[in-house]
Structures are given as structure tokens and as C-alpha cells.
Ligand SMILES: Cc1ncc(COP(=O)(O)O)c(C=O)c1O
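There is one chain below, alone, in C-alpha cells, taken in the form predicted alone.
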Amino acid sequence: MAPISFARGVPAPECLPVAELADCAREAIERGGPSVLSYGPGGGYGPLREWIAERHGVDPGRVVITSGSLQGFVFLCEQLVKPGMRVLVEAPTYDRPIKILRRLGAEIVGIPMDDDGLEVDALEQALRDGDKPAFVYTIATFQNPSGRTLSEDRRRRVAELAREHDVLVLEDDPYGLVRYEGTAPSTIFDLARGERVVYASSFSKTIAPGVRVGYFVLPAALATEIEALAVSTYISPPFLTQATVHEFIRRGNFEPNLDRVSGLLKARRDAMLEALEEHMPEGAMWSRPEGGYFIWLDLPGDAPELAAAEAAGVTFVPGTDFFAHGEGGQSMRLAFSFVSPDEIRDGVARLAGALRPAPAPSAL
């Protein structure tokens, strides 16, 4: 029985525009010459920086392109977080930031979520009750790990709270453009008119993760500090990959590729939702994302230990990985982005069989 992995949030191979990116890389070298093969400004490849700035209505000096958005998260934390400082995060949240914040000695405060995303009353209470945090971290759209999306009203309230408490919000948005249905809400960054909100995104989900091109839109002074930190870390960004991404965009490939990728992933999302509906035991609950890569599964209290699912040949990430203090023992993140729809159906059936509570012994 071949294993089926719902563990990693990576795109299926057919999502990757291999031939077109190869051609774009060649054109980027021929067009840019030595400028894309040498050292250069720490903020990133100028034409791509300008495109991002125009897209977000800011000056290019506020944009810093990083080697994936997680690299930018590290830079931001190294600049803002001192040991013992609070950072407010969603509970659950992406596991890598938890590890980074732990390493830096931050006090990680989890803010609960429901189907409409971060609970803003709990956020307001946390802002009132403790020391001012280094920042508030939210993945507002198609959240990793839950797939949930923060409602428009709550986004507006988060922007208001950032102003009222003079606190920085980091809006991490790598999945927002990978939408299958529904209408996209405004970003918190736009609702706050770019004030007290840092916006982060990446081309990993919209073009290819291997290009390692992420970016941050920051207040001007903070952008200068982060750029200096980047230069002190790796001297110069990888201009070839950034120029390749820009060439891909310049050719008009970005939106058509996004439509193609969204179609491929929607089929996988639909297959997983249908299989969960068909196979999961009574009492199980799961998110129903309108885009992104993930579904969050909560199991009933009488379900077997999660190790039983791994024994059935299905891998996933347990919910405990996404909480700073080990909650989520009866939950898991299921990534549908990589495996085929047929594998998804088979994997969910196996998973459900392993997680179904044992029948009660019959009375004699």
C-alpha cells in the first residue's frame, strides 16, 4: 500500500510552469546581462520591486524582496523582537513562525479563531491586558493551517485596533490569490491605508516555490532597516530568480497561470471536501476554504489516537504543531495541493477508517 501524503503544502508538479520559466530565465539573462548575474541593491531587483510597489500603491522604497517570505519574517523578528516581548498570533498558526519566535525568546500569545478567522474581541482583550506586543501576526486569507479567512468586518476592526493601540500588524498573504470561488475581501493593509500594517506575500504559490521570491511592504524607515539586515546577511539578493519572475509577469503570464493553477487545485479541494463528507465519522468537523492549500480537521473526542492514521499509510501534520503550547491534540492539517484527486479520495477513506471509533462491545 503506497503512502499518501497530506503533510506538505506544496504545489502539484503540473502546477509549475517549467518550460515557460526556463525561457524566462534565459530572457532575463540576455535582457539584463551582468546586472542580474552580479551583486546589487539589498532591496531586490528594481523592475520587480517597482511592479510590486505599483500593485500596492506605495513607493518602491517601501518594498523589500526576500528569499521567500519566511526569510523576511526572520528579518522582521530580528529587528523587532527582544527576549520576553509578546507577539500575538492566531491559534492555530503556521508552525515555522512559532519555531522562529521561540528561538528569539518571544512570549507567544495565541488568539483563538472561529470559522470567520481571528476572534477580534479576544485580540482586543489581549492588547488591553498585557505589555505592548512587538507585532500581531495574522494569515488573514486561506490561513495556514486552518484554511479559514478573516471576514471583512473583522479585518476592518483589526485595522482600527492597530491604530487605537499603535501596534504593528503583520498580514502574511501567500495564498490570497489562489482563490476558487467567492469574492476576495479587502486586505487589512488596504483598509489601514498602509499604516501600522506590514504586508507580506510570495510568488511560491502563484508561480513556483523554487524561485524563492517573497516580498514585504513596510513603513519606509522599517524597510530601510530590513534592507540593511538583508545586506548584512547575504550581501546581495538572487537577482536572476527575481528577474525571471519579473520576465514571467512582463510577458503577461501571471494572471493566466494563476487561473490555471487555481483550476488544478480547486479539483483537489473539491475531491477532499467530498471525501470528508462521505467517509468521516460522526462528530468530525472540518473547514471549507474558498481557496488556498489546506483543510483543518477536528476529530470527535472518542476518535483513536492520530498514530492510527499514520499506520494506515496517510501522513499529515498534527494540530499540536500549530499551537505554541501544545493544544490541538484531536486536530490535523490536511494539505490537498500536491496529491491527485484520486489519491485524495483514497487517502481520506483510509484516514477515516483508521480514525473511526471502535464499536462498543455488545451486551451479553
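Treat the numbers as computed from the prediction; the structure is a model and nothing was measured. From 1 onward, residues are counted along the sequence shown.
If you look for the form predicted in complex with this ligand, you will not find it shown, but the lines that follow are about it.
Using a 4.5 Å cut-off to this ligand in the predicted bound form, each of 144, 175 and 202 places a heavy atom inside that distance. Heavy atoms within 4.5 Å of this ligand in the predicted bound form map, among the stretches 317-325, 47-55, 335-343, 62-70, onto 62-70 alone.
In the predicted bound form, this ligand sits within 4.5 Å of a heavy atom belonging to residue 94. Using a 4.5 angstroms limit between non-hydrogen atoms, residue 196 is distant from this ligand in the predicted bound form. Heavy atoms of residue 89 never reach within 4.5 Å of this ligand in the predicted bound form, leaving it off the interface. Although the partner is absent from this view, residue 268 stays clear of this ligand in the predicted bound form, with no non-hydrogen atom inside 4.5 angstroms. In terms of contact with this ligand in the predicted bound form, the residue from 139, 76, 243, 218 that brings a heavy atom within 4.5 Å is 139.
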